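Here you get one chain, nothing else, as structure tokens; it is the form predicted alone.
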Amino acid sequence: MEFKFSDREELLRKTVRDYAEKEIPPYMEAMEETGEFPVELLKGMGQMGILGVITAPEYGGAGMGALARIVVLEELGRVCPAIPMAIQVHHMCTYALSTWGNEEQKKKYLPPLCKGETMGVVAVTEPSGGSDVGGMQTTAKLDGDKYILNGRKCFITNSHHADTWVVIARTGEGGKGLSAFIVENDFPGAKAGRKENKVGLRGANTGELAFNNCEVPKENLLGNEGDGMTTAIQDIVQCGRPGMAAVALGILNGVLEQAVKFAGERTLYGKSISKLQAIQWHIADIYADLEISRLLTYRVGWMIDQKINCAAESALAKQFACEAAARSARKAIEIHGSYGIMHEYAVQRLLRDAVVTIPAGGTAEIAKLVMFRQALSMFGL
């Protein structure tokens, strides 16, 4: 087993880190205040290959794979976790189009998504619940040469900025009665609805998508009728959960950096608080959470690139890394003392961001259910 990145991946890490440190900070205050994603960053990220990192070169992407994508999201998240949150959902859209789209659909939608000319989203969650995909109520009925969509999606990242929506809707009964559609934001009857006001990941715009007799051309069916459940679940396993784990990994990097820096600069009892054993133990715990999360998340990226089934590993990485990010951010606040709850210190934002990652992309309970089933299967049960 190889625990070393290629020269290309190391160059990618350095390039994205330099970009994130230079380009993102000027937007962060406005993101916190408004909750809006700075869409003006898309073109630059498109030129760098960030938006098309998992998309094949023939459709405008960089084609670097899942592990490279994790590195990209991690480095963006180290500076501002809201940015990779939005980008990882964008990737879910490009993944769905790349995996289930026909040649015409790929050529039409993927190049502008990779270039940053458009932004993408996958819409699964509904007010009735995100975990119960089979209970979806949004409907799509074929009427001549178009489908008519009715329903509502909620808690959708990129809701008000995305141009291309991959929407899962009901075309029949049961779990096999779901289908996926490519919806453009200006299709008749499609609109962005309520905007949510989240406690964290503020710059990743979140809201509702509403469909009122929305007309979708028949040729915008993604895959075949009945493929919707597979599209939703596989997109979450292969893209959504690893993406959320990578966002959490970025948070953990930022948390450790802030904790070590403050402990080294803060003086108490006539010496740096980094000399105090209690502080040392907190930093050791944060370091352990980061390294364990990194190994779990990188492994999933490697497995995806090797085309190895990784449903349980993906769930584990997502659940552990997100919980670890929240746990470690709280410890970093303890290291900061009263400074930790002041807005001018990054650790309070990192804690808020970490808390939002826990339910996003699938709850911890669903992840544990996946792991439970995997554990039973190991013993033939």
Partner chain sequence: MRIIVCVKPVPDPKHWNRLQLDPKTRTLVRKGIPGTINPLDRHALEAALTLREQEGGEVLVVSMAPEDSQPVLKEALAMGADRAVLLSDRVFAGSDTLGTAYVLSVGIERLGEFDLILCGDETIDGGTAQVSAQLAEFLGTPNVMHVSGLEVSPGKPWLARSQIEHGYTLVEIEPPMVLSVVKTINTPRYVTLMNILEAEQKPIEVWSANDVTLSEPWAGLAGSPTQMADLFAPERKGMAEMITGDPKEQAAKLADRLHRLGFC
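Numbering follows the first chain given and starts at 1. In this text the structure is predicted, and so the values were computed from the model without any measurement.
Not pictured, yet referred to below: the form predicted together with its partner chain.
Note on contacts: among 316, 53, 346, 324, the single residue with a heavy atom within 4.5 Å of its partner chain in the predicted bound form is 53.
Residue 62 is the only one of 62, 41, 312, 333 with a heavy atom lying within 4.5 Å of its partner chain in the predicted bound form. Using a 4.5 angstroms limit between non-hydrogen atoms, residue 48 touches its partner chain in the predicted bound form. Its partner chain is not drawn, but in the predicted bound form it has no heavy atom within 4.5 Å of residue 367. Its partner chain in the predicted bound form is not approached by residue 373, whose heavy atoms all lie more than 4.5 angstroms from it. Looking at residue 360, you'd find every heavy atom of it more than 4.5 angstroms from its partner chain in the predicted bound form.
Relative to its partner chain in the predicted bound form, residues 169, 225 and 227 are all farther than 4.5 Å at every heavy atom.
Here the chain stands alone, but in the predicted bound form its contact with its partner chain, taken as any heavy atom within 4.5 Å, falls in 64-72 among 324-332, 350-358, 31-39, 64-72.
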